[in-house]
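Considered here are two forms of the same protein chain, supplied as structure tokens in two stand-alone entries, structure 1 and structure 2.
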Structure 1
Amino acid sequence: MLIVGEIINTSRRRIAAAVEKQDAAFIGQVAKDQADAGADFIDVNAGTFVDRETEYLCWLVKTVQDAVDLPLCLDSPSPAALSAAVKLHRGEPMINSISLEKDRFDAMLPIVTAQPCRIVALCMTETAMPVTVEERVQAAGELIKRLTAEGVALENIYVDPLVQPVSVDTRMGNAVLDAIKTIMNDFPGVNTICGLSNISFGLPVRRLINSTFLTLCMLQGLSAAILDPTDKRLMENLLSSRMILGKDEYCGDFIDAYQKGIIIKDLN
């Protein structure tokens, strides 16, 4: 399970204030905290600053990679911002995201094919957000077909079935779970990813819901999740679920996390 740390997003007030003040020490510490907690990628998103997104996203790339030796998930709907940010990134980034919306697909395609990268592919069509399993799987198939035709390796594609809140529609949990399972079965070698916390929007005790949903997603074969790795309970659940599902040989990752303090020792 690949973990993308979600915290450095200017939709969060403290992050937005730090980015606006160019507080490199604060942003660097947030990146380090996520890296220490087990993140494989650090997400950087400056999308709330529409007029200065390119400038701020580039600043985040440099600031975060100065602080941690991890690749970044460059998170933006703006081709201009991503094009500038990817040039500053050291190593192979993840680019979030491309979709079937024609203008977005055409603008993003040259960026995601210009250099080796992992690509988040949203199951979003020209017309609407997906509702059913079938809509998600159909969109996934079309994205995979188009991207691989352009030379993108299947294993570099991370299909996002677009998690929507169960508070709005209680069918959305099952729709995503079934879509993950079908996509992973129908397109061997591809990956799936989701923004985990969207499932609990508008509800109380969100951490409990997120943690439960993560285990269910993993059971269906989810490859990666965008989440808060500093949430110890969530990470404990991820590590123990991964182990029980047979994805942690000799239980090594679980034991290592316990010894490093990622798993709370007083749970015994």
Structure 2
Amino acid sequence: MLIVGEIINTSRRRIAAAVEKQDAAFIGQVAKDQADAGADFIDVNAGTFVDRETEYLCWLVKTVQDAVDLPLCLDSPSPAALSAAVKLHRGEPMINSISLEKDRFDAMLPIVTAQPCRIVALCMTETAMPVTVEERVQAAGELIKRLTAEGVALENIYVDPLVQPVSVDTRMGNAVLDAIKTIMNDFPGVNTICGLSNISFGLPVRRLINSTFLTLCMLQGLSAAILDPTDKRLMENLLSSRMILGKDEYCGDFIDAYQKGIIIKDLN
């Protein structure tokens, strides 16, 4: 299970303020906190600053990689911003994201094929958000076909089935869970990734819902999640799910996390 730390996103007020002030110490600390909590990639997103996104995204790439020795998830719908950011990145980034929308696909393709990288591929249809399992699986198949035809390795594709809120339609949870399982079965070797938090939009106790949803996604074979690794409840569910699913030899990682205080001890 690959963990992409989601905190450095200017849709969060404190992150936006730090980016505007160019407060490298603050951003560096947020990156370190996520690395210490177990992040494998650090997401960077400056999308709320429409006019200055490229400049700020580039500053984030440099600032975060000065603070932590981790690859980044370069997160933007803008080909211009991604194209500039990827040139500053050390190591192999994750590029978030490409989709089947024609303009976006055509503009992103040269960026994601210019160097080895992992690619987040969104299960949008050509014109809309997906609703059913079938729409997601069909979009996944088309993305995989077109990306591998351009020489992208299957294991570098991270298909995002696009989570939608259960508060809007109670079928939305099963639609994503079934899509993850079907995509992992139908395209052996490909990876799947989710942002979790959209599942709980409009509901109370969102951290609870997100953490339960992570456990359910893991049983379906999800390869990676974009989440807040400093959220203890999430990490408790992640570590215990992984162990129950037989992916923690001798239960060593779970016991280790317990001894380090990553798991709240008074739950005994």
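Residues are numbered by position in structure 1's sequence, first residue being 1. Treat the numbers as computed from the prediction; the structure is a model and nothing was measured. For the two forms, the rigid core is made up of the largest set of C-alpha atoms that agree within 1.5 Å on superposition.
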Requested in this report: Could you point me to the form predicted on its own, 1 or 2?
Outcome: 1
Query raised in the report: Is Ala16 one of the residues whose C-alpha moves 2 Å or more between structure 1 and structure 2 after the core fit?
Result: no
Requested in this report: Look at Ile255 and decide if its Cα position differs by 2 Å or more between structure 1 and structure 2 after superposing on the rigid core.
Outcome: yes
